[in-house]
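Structure 1 and structure 2 below are the same protein chain in two forms, each given by itself as structure tokens.
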Structure 1
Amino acid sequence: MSRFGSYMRDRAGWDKYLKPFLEKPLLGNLDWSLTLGSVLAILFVVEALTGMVLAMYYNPSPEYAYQSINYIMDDVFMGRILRGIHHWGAGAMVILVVIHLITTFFYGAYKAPREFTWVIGVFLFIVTLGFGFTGYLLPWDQKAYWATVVGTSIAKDVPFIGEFITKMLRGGAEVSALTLTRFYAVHMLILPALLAVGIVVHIYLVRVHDIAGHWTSEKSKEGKTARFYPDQVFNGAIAFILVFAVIILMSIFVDPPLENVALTPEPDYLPRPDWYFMWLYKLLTFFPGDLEFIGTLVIPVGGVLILFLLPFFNRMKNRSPADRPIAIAVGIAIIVGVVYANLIGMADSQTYGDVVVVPDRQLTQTEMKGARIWVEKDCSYCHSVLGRGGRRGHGPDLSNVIAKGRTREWLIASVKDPQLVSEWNIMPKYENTEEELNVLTDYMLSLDLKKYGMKIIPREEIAKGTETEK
């Protein structure tokens, strides 16, 4: 056995090449955040293996894609858990790669001589997001279809070649069967190859230039005996087991979301991407009309370029936050901005208008008609009442109408021509008859909830003209 082991070590070049590479001493003061790279590499292997199994049952065509997902979930042995591992594992990869980039930035680990280690890390971050973008089309449900329509439309803002890029992504003018097969090929063949090569190069550069570690590590590397193998590998394995345990629990108890099949008629359906693209989705609303290209092109592309060029902006080797106050402040501001945009984007994507708030008394005939106009005109898209029934924050809460002493004339004028009442009002003009304006105003003036209390009525009952308390 020892002769066979010696034979294999010799043929693999263990003593001459692999052992020195793996057992190279590490810097001191390493913490658990530095296991993120190892966890991400193993998670990629998990995603690749589960993806291979899922591909055996998946049919990348609009006719059968949705049905094949249901077949995997309902009929394949452990298919529900398998898809759960793949879905929640993908989300974990996005979270961890973002945290990995953030910790590397705050540790200043992108500085010389690790500039290209950082550049490859940013490339891996982009590829990971590419997995998410191509992957959520594959179930071919409503979210997959419409989010892809919106996502691929962003490319149209690229000067001169925008239309070409959009058609290349979609395989034509519209999201269709060609888009699905194209995204499937990219998701299964191109992106895994890019990520695998990137991981190998990244690990090689990490071993050549060492793990930067905490910003105090450079001062404390003498006398340290920790090694990449087995010390760092062991820590990485422990971290991966903890992450994978969470993924398994999510897979057992929480099914991956699956909406109605794509192109199901849903007039009030709100297109929205997965949570990790929600900040970009919200960013688009900040730059309407001719300024949309700022949100779709300038800020995202500019941000990616800054990430790639970050190590070359400042050649000073000082990594302590005290030596980089401006960089740290800008980094914190960007993180807070993205998180905030993501949160309000997720809040905006929630369902709304399922219920209507009315005073806790019998409504008059005109007040009931006004509530019905409220539903028909989809007023809850911007307005809520005591925070209920609408998309909070887009327009004034109408429970303030009575408290602010608004008159019938003021309310009618505000709905009829908002900018005439206030030039700062962002509410657009709507076509309404005089009768609609009057009964809608009656409904708004009925909302004296301090006097009467509040009652919640389902939207369907209002639309039918009934008033059954829920």
Structure 2
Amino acid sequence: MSRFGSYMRDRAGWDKYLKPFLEKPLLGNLDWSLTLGSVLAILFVVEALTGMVLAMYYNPSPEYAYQSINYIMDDVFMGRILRGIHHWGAGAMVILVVIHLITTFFYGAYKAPREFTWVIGVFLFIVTLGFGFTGYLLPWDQKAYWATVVGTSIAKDVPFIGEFITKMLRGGAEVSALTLTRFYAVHMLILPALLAVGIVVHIYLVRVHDIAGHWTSEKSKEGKTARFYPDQVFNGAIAFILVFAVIILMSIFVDPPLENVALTPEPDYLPRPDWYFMWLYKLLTFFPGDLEFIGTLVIPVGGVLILFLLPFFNRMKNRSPADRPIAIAVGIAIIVGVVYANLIGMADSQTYGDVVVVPDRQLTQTEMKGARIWVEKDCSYCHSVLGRGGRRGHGPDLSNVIAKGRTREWLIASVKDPQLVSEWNIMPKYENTEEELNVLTDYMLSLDLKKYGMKIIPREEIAKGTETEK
């Protein structure tokens, strides 16, 4: 080693601190799940770096926020990719932090002496979700705006101080310019500081108490030669490269979503949260009215508390899943529940019935009447027209009745008795008058959208017609 080399090594404290830190021998049975933490830490650095560049172009004001996103996408060199990496990287962090949490749970790695490694980990998980929630508002598009309106109003359910919390989150009564600057400051100053400190403490604790690893690894402590460097670092690097490759591909081929600018009037606009909050959103629909607070507060806050306190419930040190059937069963039930609520949330939040599709021409009187019956009978509960207005997946899209050569008689017969068409049909029988069935069919036959193009009319407008005519 050159004299300069040993000089630098001495000044950097190589022998005393860095070498033991890097070359620390680890427990046996290191598997790939144990690289998740390192991948997350590096992803945070990626998010920080891309965020710094994005911040140079982004303008946190309602007038310019949306424009500045467009500017980044269209005019900034590599801006599209940069925003893509930031967006998809954030999604990857949420997924990986959840997987990290789940494996730690199933490995029983939260048990003594690692209680506080777990507690800090749960804190990091929540901060990561906080990044998602605050980052969501920044593009100031419809989705951003409405998700924030809905998200911040949830706090209103807190007893006594709910209104105050919501106001504090928004920086006023409404979601406004003050909300945007507030979220921006939290997103790029406060949360990164919290996450950075949390990561340092987390890693420190992991080193103090060692990686727990697989529940069998403590038994096989002896004779293992794996070291942090190079073995674990190498695995971590491979895992990161794989994850990052996916993020890059996503950034190249899929633009992060950007809807119309906030507050664009769109009659059929349905505010929806991002996918990883979907289950929470779905939860709200299980508790309507006065019970809403169970979905908004009791379950989420209770869930977080239980997560934090998990290591203190049961002091049994045994980590093997076979020895803790209740914890494992509850864990699996929660995971299945969340995934299920998320899936039906994503399927259901498809609006239906808020708009009616009509051909882009003057409708005749009877076609208009038919459209009204369509609305009254809620046919859109199962049928969409050219993908709009209805729920998909229940009944066929009715934009192609013409293409299928359906005749008036056939259509009337199939609405009157759908089981004639197919005996397994779940469509209810409609006992309308002959006249009503006729106009309904007029409306369906008017949907020759190839010929006329389509027009979208809000449901209210169709329903209103009733009164003016009566």
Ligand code: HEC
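Keep in mind that this is a model prediction, so the values were computed, not measured. Residue positions are counted from 1 along structure 1's sequence. Rigid core here is just the name for the largest C-alpha set that superposes within 1.5 Å across the two forms.
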Structure number of the form predicted in complex with ligand HEC = 2
Can a Cα shift of no less than 2 Å be assigned to residue 403 between the two structures, given superposition on the rigid core?
-> yes
Comparing between the two structures on the rigid core, is the C-alpha shift at residue 375 2 Å or larger?
-> yes
If we fit on the core, is the Cα of residue 443 displaced 2 Å or more between the two structures?
-> yes
C-alpha positional change at residue 434 between the two structures - rigid core reference, Å | 14.8
